[in-house]
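The form predicted alone is given below as one chain in structure tokens.
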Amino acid sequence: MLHLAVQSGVLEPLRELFGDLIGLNPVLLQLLVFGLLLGGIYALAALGLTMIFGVMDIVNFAHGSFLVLGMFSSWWVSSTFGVSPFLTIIVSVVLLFVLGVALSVLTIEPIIEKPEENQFIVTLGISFIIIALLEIAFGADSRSLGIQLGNYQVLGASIPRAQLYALVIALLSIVACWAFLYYTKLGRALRATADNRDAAWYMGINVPRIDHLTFGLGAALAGLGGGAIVLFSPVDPFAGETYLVKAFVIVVLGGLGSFPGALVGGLVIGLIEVYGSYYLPGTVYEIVIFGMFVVLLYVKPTGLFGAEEVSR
């Protein structure tokens, strides 16, 4: 079997990687930098999804559209009024928070206790509506801010500043969310609702209000991610699909509702994608990600940082 693998060239990428490791090829450091930066961006895209997933048990198919709406709102305000794109991130966060709370009240609350299929259909419908409205308003063409923030040079590796800023925003967001959940009364109410909704009711927690706040915060985190991503990436109404798929994988990989899990999951996916796209042909790296995902579901269904499920 090993002889056939060698003859067919299946092991060639591993041989090339091993050779680069032995020779201390500088490309390895550059790939590491790109992988960490890409992973940080993916983690940022997954934060809001894991919050809604962890507290409300809702699979939010509209999360990718929220992300794109955050990108468009930041791009539009910056390009129209000449405001710094770093400041327009705040606009995206506020806009998406208000939209998330409104959608929770109008569409999620009536069906939150219904079968999960209803949640899939409603959130998918919200996604279709947002994409259609963005396409009507701005067309299907890609557009970007067109800013050049330059690169840092560290040990011969080039570090794009825009992606580095997005990674810093992701790290700060994770710390802020963790502090909010563990050191504020409202955060403790969110965690109590996530642990047991019925018990939270008996303890006097207004569960619907917590749901609205959670959905608003999840959407706001999508706005934060969108505002950071548009610093270096073009945007079109369909750009959220790629991030949504990656965010789902990261949320399950890291553990439902786990912010550290979202960060670690994002970094793992980013590193596999960057190293895989360099050493493997075509998009074979996606098979590697999918294979790792399936194995993890068998070995640890709750994800890397997920807690055992508590019956509600």
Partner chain sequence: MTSDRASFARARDTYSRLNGTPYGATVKLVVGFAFLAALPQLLGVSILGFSLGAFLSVNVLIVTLVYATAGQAWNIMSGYTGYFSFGHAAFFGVGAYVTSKLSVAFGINPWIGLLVGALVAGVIGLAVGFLNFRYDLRGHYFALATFAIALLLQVVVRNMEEFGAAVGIYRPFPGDYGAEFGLVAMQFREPNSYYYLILSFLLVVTVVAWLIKRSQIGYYLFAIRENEDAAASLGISPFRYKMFAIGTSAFFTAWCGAFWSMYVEIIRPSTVFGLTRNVEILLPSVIGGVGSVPGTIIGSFLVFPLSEALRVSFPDIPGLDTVVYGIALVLIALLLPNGVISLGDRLGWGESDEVNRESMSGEERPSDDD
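Because the structure is predicted, anything quoted here is derived from the model rather than measured. By rigid core we mean the largest C-alpha set that fits within 1.5 Å across both forms. Numbering follows the first chain given and starts at 1.
Unshown form predicted in complex with its partner chain; subsequent notes refer to it.
With the partner left out here, its partner chain still marks one of 80-88, 115-123, 220-228, 156-164 in the predicted bound form; by a 4.5 Å heavy atom cut-off that stretch is 115-123. The partner is absent here, but in the predicted bound form a heavy atom of 129, alone among 203, 147, 129, 207, sits within 4.5 Å of its partner chain. Although the partner is absent from this view, residue 287 contacts its partner chain in the predicted bound form, with a non-hydrogen atom inside 4.5 angstroms. Although the partner is absent here, residue 133 lies within 4.5 Å of its partner chain in the predicted bound form, judged by heavy atoms. The shortest heavy atom separation between residue 28 and its partner chain in the predicted bound form exceeds 4.5 Å.
Among residues of the shown chain, residue 186 is not one whose heavy atoms approach its partner chain to within 4.5 Å in the predicted bound form. Not one of 37, 168 and 278 comes within 4.5 Å of its partner chain in the predicted bound form, counting any heavy atom.
If you take 216-253 and check each residue for a heavy atom within 4.5 Å of its partner chain in the predicted bound form, you get 241, 244, 245, 248, 252, in sequence order. The two forms, fitted on the rigid core, differ between this form and the one not shown by 2 Å or more at the CA of residue 297.
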